[in-house]
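This text opens with one protein chain seen in two forms, each one given by itself as structure tokens under the names structure 1 and structure 2.
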Structure 1
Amino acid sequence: MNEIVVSLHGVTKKYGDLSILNGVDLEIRKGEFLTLLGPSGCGKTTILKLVAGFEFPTSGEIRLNGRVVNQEPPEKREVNTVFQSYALFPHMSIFDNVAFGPRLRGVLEETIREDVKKALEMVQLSHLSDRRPHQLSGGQQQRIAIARAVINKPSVLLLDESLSALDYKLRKQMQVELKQLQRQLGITFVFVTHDQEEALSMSDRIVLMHKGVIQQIGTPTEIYESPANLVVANFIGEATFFDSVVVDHSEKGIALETEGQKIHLKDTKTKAKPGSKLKILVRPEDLRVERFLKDITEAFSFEGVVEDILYRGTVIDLCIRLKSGHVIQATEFYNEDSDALGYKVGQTVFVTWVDGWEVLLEDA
């Protein structure tokens, strides 16, 4: 199951003096839904172009099903792309668009008719086969583009920001459909997006990129719960950071000075030298806020004042100014019975978190 379909080893890409990708190492496993995630301009599309063959690497090696394909043109690669602009051929009917690949391969016209029908049924658009692309809505064109690609049974399907152009509701629906389709076909999907929510909800693995460098590769849970560095932590989800200085660490844990206090955490993985700076990352929903010090069960807590309260359905966001002047955000769940609604602006509260739920990151 862990067969590698595509691998990139030390791949760099330069346009003139401009370095776009810097030593990218990546192995894409057969049948997985892999997402390239990162801010716009970080090089996601460039990776797709290198895998598809529209661009060639400046250095490094790209393998497809084991063979080196560095300079191989796109028509020789068993890879298909779904373009962000769909790129359906405007002068052809939907049927001819989907039949384009098989016809080039010289498949019998009868077989093609069957295959196209199946491909269109798969995306639930068989009734539109005589239309022209411009007569279809954006979502429909999107599905035709997918049908046109998967009919060729590629080893890898590349999807570049495929859902970004769709409106919110359709996007949510297509996310589910795309995921189902991928399971059903068993084809490896490499999906590009800058939308972290989309990446977290659809992917088997996420590759998080920043400025042409891969920052972390992992499952959505790993990326969210154990970000490898500050770049990842800042990009994924909401985060509250506490600045801290290492006092000491031992096999029992680590002692830190933060918010004017010395606290002790049971983390033993972090081996920072005393005196070095660390950022303590806590997700807002992991912060616990109490109105009375006696309710705090953890060994440490920080006193602060509620500055603002935002109601958001089943949760409320509290903006709390700590004594140090540092303003943090905490998300509290509430049910009707609890008195979480009783927070008032100006009220004194105590903030803490369960020891071990934080992530310690080197302060770059």
Structure 2
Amino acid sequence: MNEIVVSLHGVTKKYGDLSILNGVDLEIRKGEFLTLLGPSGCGKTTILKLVAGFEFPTSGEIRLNGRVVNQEPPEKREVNTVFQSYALFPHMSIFDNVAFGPRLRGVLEETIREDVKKALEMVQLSHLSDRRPHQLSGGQQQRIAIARAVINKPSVLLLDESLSALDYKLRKQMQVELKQLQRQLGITFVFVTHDQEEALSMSDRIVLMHKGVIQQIGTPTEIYESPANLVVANFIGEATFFDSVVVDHSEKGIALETEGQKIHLKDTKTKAKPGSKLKILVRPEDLRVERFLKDITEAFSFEGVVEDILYRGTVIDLCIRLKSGHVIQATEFYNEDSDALGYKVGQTVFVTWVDGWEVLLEDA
């Protein structure tokens, strides 16, 4: 999976004085499911349009299978796009929608019939070939849009927020189906979304963007557990931060002033000088909450009071106000043998985490 099918080198896109992309470098591998993730206006859809040929770069270079395609129109590229609206032709049957691309290329009708049959079987909708798009559900329309794109045998399939119009249950189902389909086809998928959960559950790699700049590229695990900076940490997942000041560090770890006390962590990667401000990131599910100080096994803990309890099915979220006034969120998992539901508003608790489960980030 190391062969590069799409590459962007120093790509900038401007509309007048407004800069949308700022010197983007990105390589997309053959056969991977890559997600462009970020808030609205970050530039992710612009990258998709540049790769598809709907927009051209202001500067920089775009290559598809090693060939520079900066000024090539969409029909000259081995790329197909599934739009958010699916863009199916309402006056055509499902069969004719899927057959549209091959017919434009002059493929023999006998071959088209066979290829359409295979494409519809692939998305498990061959029994609906005579229907019109308005007679299908949103999930079925999405699968037809994919079949119409795949029949053209593209090197890369681009998907622009293609699940966002579906309801929650169907979107979850389609996430699984889409990932399975991508593995089955072996085609490179480039997926655009602002939904972090969607990106984490579907992607081989995630490209997280902010204000036209790539902040981090990595696997879902890398992005979630080792965010490169505060932008990434704030966007991906729930995050609990502790403001800290470096007291000292050595080959044994780092000493920090946090929540009015001095704590020692095993982290040896951070080279911040004494006096530097850092933020300690701990995911809410990694925080450990105890009712009694004697139950704390770590060398440090912070006393607080439970301010609110949010029930979320298999977990509860505890909103805890520490002595400093800082409010944090901790997630407690439970089952029949757990006492997680025993917390009460106003109850005093003690919070800690396993040394090494934190991430230290520069306080910008």
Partner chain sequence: MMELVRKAYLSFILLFLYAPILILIAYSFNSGTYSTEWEGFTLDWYKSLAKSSDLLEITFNSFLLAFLAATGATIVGTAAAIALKRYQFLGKKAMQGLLFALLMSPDVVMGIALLVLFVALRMDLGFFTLLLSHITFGIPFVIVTVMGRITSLDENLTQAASDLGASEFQTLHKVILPLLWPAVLSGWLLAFTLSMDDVIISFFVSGPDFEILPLRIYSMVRLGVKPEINALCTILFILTMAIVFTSRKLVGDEE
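Sequence positions of structure 1, starting at 1, serve as the residue numbers. All values reported here derive from a predicted model rather than from experimental measurement. The term rigid core refers to the most C-alpha atoms you can superpose between the two forms while keeping them within 1.5 Å.
The form predicted on its own is represented by structure 2; structure 1 is the other form. Positional change of Lys266 between the two structures stays under 2 Å at the C-alpha, relative to the superposed core. For Asn152, the Cα coordinates differ by under 2 angstroms between the two structures after the core has been superposed.
In a rigid-core overlay of the protein, Gly275 has its C-alpha displaced by under 2 Å between the two structures.
Summarising the core-aligned comparison between the two structures, the C-alpha atom of Pro90 is found to shift 2.8 Å.
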